[in-house]
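Taking the form predicted on its own, here's one chain by itself in structure tokens.
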């Protein structure tokens, strides 16, 4: 078996892994009982261990290193397949949409945490800024709804510019305290602001694209699909754009500068890298991605309230980044699926999800600090394309 997988082309191994992941995801999403869910989780863990033993994981990693575009296309195909399978079901589509939007937020946090080392414990606050921007623009202006998503990200980035001033002037736990204070302040501001609905929140009108309302389920080949399919496809598009942008940023000379700042600020300054400029760029770009995802999230839910964007929600987003692996785009997608879907499928732990996330984060930090899917070692100089053997 080892010889079989060692001779398999990396891209073929990645296609096989994508097919297996698709089948497992479909079966897992259809389960209702806790026993079946736990059994499938155990089976998935054994399968992952076996894939590592027979060399399949190494071939997939080789494909991701040499053919990243093809591997990303396989991931997109798996997501589209899942949306097609559950096109008529509201709840699975809502969960899948939430996974993709949370993964998008985690990508934004990864630009800050994983690439630059800028601490941000206010991810849910910037997520909420995007959602409240969507509520105000769609409901009270004649602006084309399709422009709401980039404007939600833009408003979050502008607010982040204000917060970044004390962030770049502090380091370590002091910077963390600044973002924690902003997270608490944001929730309090929403609760006392009657214009934004106060503690009761606001309703958000559905988006529309070229006259098509996202609040209406499409007809596909005579099948009445759920209206959540519109949001799921939009969430997939937003995730794909954010994924491509983050990967290109990482591989660019800007990404190299961000990595240098994270590793050693003093050495970076000696080589002429602007420390503050790099941190401001990472903070603004990350919040732009987070706010865009928040605008789509608010429209998808149809109703938002201050309780949806608390400091505890920010900790969940941080848990996704740590669980997937700092600076690992694929790890954030995988971790978002675990954090969002697992508590919904295991109703017995629903009330204890924050306790579960805390235990998982502590276990990851102790036994696997690099995360479930660690970021590969960066190549600091451009290299010719290689064909994995």
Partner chain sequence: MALLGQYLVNGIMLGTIYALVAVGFTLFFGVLDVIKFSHGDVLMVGAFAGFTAAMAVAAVGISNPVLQLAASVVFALSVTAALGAAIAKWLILPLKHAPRMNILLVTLMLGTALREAVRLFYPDGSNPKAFPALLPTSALTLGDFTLRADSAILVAAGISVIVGLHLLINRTRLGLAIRAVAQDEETARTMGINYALVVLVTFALGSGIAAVAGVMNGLYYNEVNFGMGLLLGLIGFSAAIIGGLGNLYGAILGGFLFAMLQMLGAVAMPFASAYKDVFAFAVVIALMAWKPTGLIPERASERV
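Positions refer to the first chain, counted from 1. If you're wondering where the values come from, they're calculated on a predicted model, not measured in any experiment.
There is another form of the same protein, the form predicted together with its partner chain; it is not shown, and what comes next is about it.
- In plain terms, the part of the chain that comes close to its partner chain in the predicted bound form, with a heavy atom within 4.5 Å, is 177-185 out of 177-185, 85-93, 100-108, 122-130.
- This chain appears without its partner; in the predicted bound form, the one residue of 312, 213, 307, 203 with a heavy atom within 4.5 Å of its partner chain is 312.
- Of the residues given (280, 240, 318, 151), 318 alone sits with a heavy atom within 4.5 Å of its partner chain in the predicted bound form.
- Its partner chain is not drawn, but in the predicted bound form it has no heavy atom within 4.5 Å of residue 43.
- Its partner chain is not shown here, and in the predicted bound form it never comes within 4.5 Å of any heavy atom of residue 39.
- Put simply, residue 31 is far from its partner chain in the predicted bound form: not one heavy atom of it is within 4.5 Å.
- Contact between residue 27 and its partner chain in the predicted bound form is not found at the 4.5 Å heavy atom cutoff.
- In the predicted bound form, the residues of 156-177 lying within 4.5 Å of its partner chain by at least one heavy atom are, in order, 163, 165, 166, 169, 170, 172, 173, 174, 176, 177.
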